[in-house]
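Heads up, the chain below is alone and in the form predicted alone; it's given as structure tokens.
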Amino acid sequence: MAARGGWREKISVRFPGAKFDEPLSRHTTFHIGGPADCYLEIGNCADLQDFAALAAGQKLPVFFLGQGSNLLVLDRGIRGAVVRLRGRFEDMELLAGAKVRAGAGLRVPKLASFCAQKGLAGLEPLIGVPGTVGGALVMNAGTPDGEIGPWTAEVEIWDEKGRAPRVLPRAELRFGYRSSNLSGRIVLGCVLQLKPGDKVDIMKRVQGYQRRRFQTQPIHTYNVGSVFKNPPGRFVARIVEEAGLKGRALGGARVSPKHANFIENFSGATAKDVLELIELIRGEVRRIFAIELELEVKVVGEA
């Protein structure tokens, strides 16, 4: 753990809601993760500016956390401060010209539902994607039916040098398969350019995607969504199932019996359990199919 006193005292005074030695298992969809030296929620740009100055002055490492999906926090946790953007960063606003402004802390399904209700098409495939808008932009979240990247008109980031928000126009954005050039940047929000459509038709598509998700994914278990990226032209779930690993357990972690590209924390799993199961899957898939599986889930913290 970082030494007590010093920056902790300064944060306590300026941000009295901050929590110290906070288990990150409380803030991840996996319900796994050791403690953060400090966990705090920031609700507006003024507070973010104050915190950024404080952290820089104390040389304090900072990790920005979304909803904690697509994330495996290791068992010794994260040193420094873990920040979640809440409050004003969870706002969304309908703009002229079929545009929507969304904060980085807003949950993706809530945004997709809002757009559908307003008769704006494009985000229907994201209705079941867990996580926040900020994380979705960084990893270009989506499904085989659509991703957030193609609909993104601009992204607001925190300019750490200028210690102020800055807008990246579409021309400066690059999106790939579960990737973008926003990695390593602090995303504050975005503007999406959507397409006007018939609300009834859009809602039917939303409901269809929701039904499919309920039928095919283990949504009532502790998991992080897809663990591996799909290799070109292949589906990981099918590969893992053909390798005979569907339902395989190791410690408190198991390959989901419902969808083989999901790993579930079904019985008090540790990050070590999950990592060992990941390596078991990779090894078997490499041995049987000569395919190297690439992680989609992000692994952070200290083992």
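What you see is a predicted model, and the numbers here were worked out from it, not measured in a lab. All residue numbers refer to positions in the sequence shown, first residue = 1.
Not pictured, yet referred to below: the form predicted in complex with a small molecule.
### Task
Establish, in the predicted complex, whether 65, 85 and 139 all lie within 4.5 Å of the small molecule, using non-hydrogen atoms for the distance.
Judged in the predicted complex, 65, 85 and 139 all sit within 4.5 Å of the small molecule.
### Message
Would you classify residue 70 as touching the small molecule in the predicted complex, given a 4.5 Å non-hydrogen atom cut-off?
### Response
Residue-level check for residue 70: yes, a contact with the small molecule.
### Query
Is there a heavy atom of residue 262 lying 4.5 Å or less from a heavy atom of the small molecule in the predicted complex?
Judged by the heavy-atom cut-off of 4.5 Å, residue 262 is in contact with the small molecule in the predicted complex.
### Any non-hydrogen atom of residue 190 within 4.5 angstroms of the small molecule in the predicted complex
Residue 190: no, not in contact with the small molecule in the predicted complex.
### Message
Considering non-hydrogen atoms and a 4.5 Å limit, does the small molecule approach residue 213 in the predicted complex?
### Response
Heavy-atom contact with the small molecule at 4.5 Å: present for residue 213.
### Task
With the small molecule left out here, work out from 193-201, 114-122, 178-186, 229-237 which stretch has heavy atoms within 4.5 Å of it in the predicted complex.
Heavy atoms within 4.5 Å of the small molecule in the predicted complex occur in 178-186.
### Task
Counting non-hydrogen atoms within 4.5 angstroms of the small molecule in the predicted complex, say which of 102, 81, 155, 129 makes the cut.
The residue in contact is 129.
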